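Next up: just one chain, as structure tokens, the form predicted on its own.
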Amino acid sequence: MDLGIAGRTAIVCAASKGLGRACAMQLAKEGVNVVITARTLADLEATASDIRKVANVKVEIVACDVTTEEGRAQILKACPNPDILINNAGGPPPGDFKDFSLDDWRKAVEWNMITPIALIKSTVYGMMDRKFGRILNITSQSVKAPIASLELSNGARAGLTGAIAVMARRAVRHNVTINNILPGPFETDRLKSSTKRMAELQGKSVDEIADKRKAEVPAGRFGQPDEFGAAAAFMCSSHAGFITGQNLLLDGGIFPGAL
């Protein structure tokens, strides 16, 4: 299927690794020029090189911290008028509710709610004027089913969902959609590192813990980043203009609800 977005330009945040990288790679394969951001220049350069090997598109890198105003200003200076925006930022650390300070809560909201809202506010009105825009927020399956020990992430990401819901319905009249994509366990560096930590804490092998985690997924496996990238690319396509304000769950069937 031709997604109808060749020649468009996308900002993809946290794109040097994992799910952000998969999104940037798939969009580039569809002919989208990409501005990729992350904190580590070397990782960005490696990802940009890989993208250029598979796609004849423009790739620009912005090494910055997207959770700061300075970082966001750098991104928007490089690409002030994107057609596509993929918001993505690492989540706050796990812990116990009683141990979280107010500063922990403030940081969580800044990273996973204020940051995407700021980028949306800076780009959505231009998209509306140009009559095309696709905004995707990579959040978490915890928006649908809160995860114990991840209260910081649960709260901030759910807050984002509520914050953009009305704007998503205002913008769609101008062919601009805003949606959230909710990953479950995907085989990324982050999942591998968390599996390793769990193995160390439980005195078990990494393979044992990985197998246990896979068994808890109805699909019987972890998701692959390429699958995530393909789903994200479709949501950014010209064919997805009637989908807005939605939470697309990619979790291999973990969430038990029918709705």
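The structure presented is a predicted model; accordingly, all values stated were derived computationally and were not measured. Counting begins at 1, following the sequence as shown.
Below: the form predicted together with a small molecule, not depicted.
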Though the small molecule is not shown, can you say which of A171, L160, A89, I120 has a heavy atom within 4.5 Å of it in the predicted complex?
A89
Contact between A233 and the small molecule in the predicted complex at 4.5 Å, heavy atoms?
no
Can you work out whether T40 and the small molecule are in contact in the predicted complex, taking contact to mean some heavy atom pair no more than 4.5 Å apart?
yes
Does I51 reach the small molecule in the predicted complex, with heavy atoms at most 4.5 Å apart?
no
Taking heavy atoms and a 4.5 Å cut-off, does V176 contact the small molecule in the predicted complex?
no
For a quick test of understanding: in the predicted complex, does each of R8, L76 and I135 have a heavy atom within 4.5 Å of the small molecule?
no
I need the one stretch from 123-131, 139-147, 102-110, 78-86 whose residues put non-hydrogen atoms within 4.5 angstroms of the small molecule in the predicted complex.
139-147
